[in-house]
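This document opens with one chain alone, in structure tokens, the form predicted on its own.
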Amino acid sequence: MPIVIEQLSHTYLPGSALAYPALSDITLTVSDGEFLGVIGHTGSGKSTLIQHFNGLLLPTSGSVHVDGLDTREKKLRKQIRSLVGMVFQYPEYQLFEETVERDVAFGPKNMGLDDAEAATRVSEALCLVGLDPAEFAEKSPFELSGGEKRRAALAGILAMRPKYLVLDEPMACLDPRGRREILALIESLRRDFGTGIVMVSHSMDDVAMYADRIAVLDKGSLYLVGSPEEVFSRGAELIEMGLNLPQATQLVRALRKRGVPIEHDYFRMDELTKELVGRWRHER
């Protein structure tokens, strides 16, 4: 069953002089195994929206159901949070235990699993993120490099084997290699385990490359939902709301200005490269 958001609105500090309506009347479904990208300018409501997916925030009005479970039901939230793993913008700040093993085991043990099952999940999760348990399990999380800390924090979420993985700017401040590795890991989780992915990102190239659908937020409202091709074909609207376009789309526009007749509005660099190489070979 999917994550179903119906007419969701959220107001911070309701009833006070500081009341701030962050989300307004959002209806959206995240299907099983889907990769949904979430984009929008700063302050558009992206982080507020995804924190409703596992009950960290509750609707002021409307509802959020995860596999039929209502996040407003307090007794169901533990079950919901075992289904929806949340990875914040700087997940390494979530590390707190004395060893990597104990940190990764925290989630499974909080789910009520025994020591043997928790240990199995710790080993499995560390291997998934590319950290050898024999080398890293007994290390302090605070001895790790920045990239290793991020992987260890992600392992702590994966050890709970969530059905959905919700990520808020997971590549923030990573170098190009680190970005590629995290994206490859996210895609492998979907491919190998059927994990549904919801990823907030400021990188139009990342969502263009990996997302099945993209949700565009603007001023707390859901402006548009569609495939990458549908969303990025409306480039003028995206630019007007303060968003960039994928590099491939920007390059197509620049080439057209120079008289190169490219008919298709490419949004993935690999596809544009294929056309340009084919055109070059044909013209030789």
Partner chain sequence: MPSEAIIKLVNVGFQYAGSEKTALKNISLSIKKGEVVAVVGHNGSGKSTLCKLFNALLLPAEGTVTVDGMDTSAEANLLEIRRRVGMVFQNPDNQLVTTIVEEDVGFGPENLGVPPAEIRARVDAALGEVEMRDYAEKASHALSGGQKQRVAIAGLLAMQPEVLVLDEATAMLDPRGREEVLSTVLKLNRERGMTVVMITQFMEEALGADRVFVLHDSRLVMEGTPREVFNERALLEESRLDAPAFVKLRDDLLAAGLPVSQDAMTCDALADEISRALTA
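Residue numbers count along the first chain shown, from 1. Every value quoted in this text rests on a predicted model; they were computed, and no experiment measured them.
We do not show the form predicted together with the partner chain, though everything after this point is about it.
Using a 4.5 Å cutoff between non-hydrogen atoms, Leu222 does not count as a contact of the partner chain in the predicted complex. Using a 4.5 Å cutoff between non-hydrogen atoms, Asp132 does not count as a contact of the partner chain in the predicted complex. Put simply, Val198 is far from the partner chain in the predicted complex: not one heavy atom of it is within 4.5 Å. Contact check for Tyr90: a heavy atom falls within 4.5 Å of the partner chain in the predicted complex. Checking 183-191, 113-121, 141-149, 207-215 against the partner chain in the predicted complex, the stretch whose residues place heavy atoms within 4.5 Å of it is 141-149. Residues Ser145, Gly146, Gly147, Glu148, Arg150, Arg151, Glu169, Ala172, Cys173, Leu174, Asp175, Pro176, Arg177, Gly178, Arg179 are the members of 144-179 with a non-hydrogen atom no more than 4.5 angstroms from the partner chain in the predicted complex.
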